[in-house]
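Single chain ahead, by itself, as structure tokens, in the form predicted alone.
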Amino acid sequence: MRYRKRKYFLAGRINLIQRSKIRELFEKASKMEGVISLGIGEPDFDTPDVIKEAAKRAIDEGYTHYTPNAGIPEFREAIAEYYREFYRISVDPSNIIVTAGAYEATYLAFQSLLEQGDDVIIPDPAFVCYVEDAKIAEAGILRIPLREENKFRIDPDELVEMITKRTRMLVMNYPNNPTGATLDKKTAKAIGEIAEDYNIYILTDEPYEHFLYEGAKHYPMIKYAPDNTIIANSFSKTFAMTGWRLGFTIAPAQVIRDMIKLHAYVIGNVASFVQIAGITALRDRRSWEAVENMKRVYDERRRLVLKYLSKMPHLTPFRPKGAFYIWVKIDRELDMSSEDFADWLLENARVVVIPGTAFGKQGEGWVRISYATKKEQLIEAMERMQAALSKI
């Protein structure tokens, strides 16, 4: 008997997800020679030695087995300790899950809190994963614009106008990717009060909390709405540990139980020796000295790139006080979309920048530049851009 070849189909939800425009641009650039990328959102520093040595010791000491789903108790206590020391915030270790980076923490929040018929408010522009996570959760997506005149902060009055009976969650990310904007205390308090008044959750993604400049401060949302806030955080940026996939989420007791159930089936637990390294990252003075050094270098690069951009024709930078990105406006007289300009710059200057539309419709007319790149490469990239733009 002959059998007809079976046709295979993917689940429909997979077709809802869009491929990252950032990755598409990287692939195009990888086929070209002599390209300098100012697109990647990854520290160019190596993980501090003290953290690497802790992981090596942990392997030798037998930390190669399963851990509790939520994470090694001592590590969860170290995270709670960190919030007490840095922000004077009391966090119960039982409200913490160790996750595979902030990516997983964000995914757990969307899947645990949202379902078909619920709405989530997501900033525009915003990091790319939030919208895709919302699609997988089958939630309705509302985009609240971040405007230059408001320093790319969420407008509390506009937020209130958007909230309906279907609104379940608000996503926040400060210091912000892609704009480099920071949140002020007044706005943080106002948003916290709104969340409590309207009984909605805040998912706050805070991986850039230690990269602040010009006197800016970080205001964790858990301080202003503790019973409504879910924190997604990561060791990736702070300690240059992107490849380690180490993060955590903090959530109210009524939420954390369901998040742990899902987490147990998604990954089970984060690698045990990586968690031990995380304890050292939080508690060892030398790891924090490395963070301060990174911050100093990032600030030098930030000022360097701003100096170059301020003299370039056709571009106007927003002055960031956080993260390691600069959000740059393209003059309308160029008559180029964000994607067209990014393509043009790649072809004419061999420099990769990310089109603002990768982060939402409000990003049209802007591009994101990362300065998580060596100083020599930054200077070369800036000079290439200046030369190309001066010919227009």
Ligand SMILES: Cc1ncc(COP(=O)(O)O)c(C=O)c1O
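These numbers come from a predicted model, not from an experiment. For every residue, the number given is its place in the sequence shown, counted from 1.
What follows is about the form predicted together with the named molecule, which we do not show.
Participant: Any chance all of G41, Y103 and S234 sit within 4.5 Å of the named molecule in the model of the complex, going by non-hydrogen atoms?
Facilitator: All three within 4.5 Å in the model of the complex.
Participant: Report the residue, out of R245, R168, K295, K189, that has at least one non-hydrogen atom within 4.5 angstroms of the named molecule in the model of the complex.
Facilitator: Contact residue from the list: R245.
Participant: I need to confirm a contact call. Of G322, P123, P207, G71, which residue comes within 4.5 Å of the named molecule in the model of the complex, counting heavy atoms only?
Facilitator: Result of the distance check: P207.
Participant: Select, from the options 159 to 167, 313 to 321, 236 to 244, 139 to 147, the stretch whose residues sit within 4.5 angstroms of the named molecule in the model of the complex by heavy atom distance.
Facilitator: Of the options, only 236 to 244 has residues within 4.5 Å of the partner.
Participant: Closest heavy atom of F152 to the named molecule in the model of the complex, within 4.5 Å or not?
Facilitator: Contact check for F152: no, nothing within 4.5 Å of the named molecule in the model of the complex.
Participant: Does any heavy atom of N173 come within 4.5 Å of a heavy atom of the named molecule in the model of the complex?
Facilitator: Residue-level check for N173: yes, a contact with the named molecule.
Participant: Looking at the partner-bound form in the model of the complex, is T229 within 4.5 Å of the named molecule by any heavy atom?
Facilitator: Judged by the heavy-atom cut-off of 4.5 Å, T229 is well away from the named molecule in the model of the complex.
Participant: With heavy atoms only and a cut-off of 4.5 Å, decide whether F127 touches the named molecule in the model of the complex.
Facilitator: Flag for F127 set to yes.
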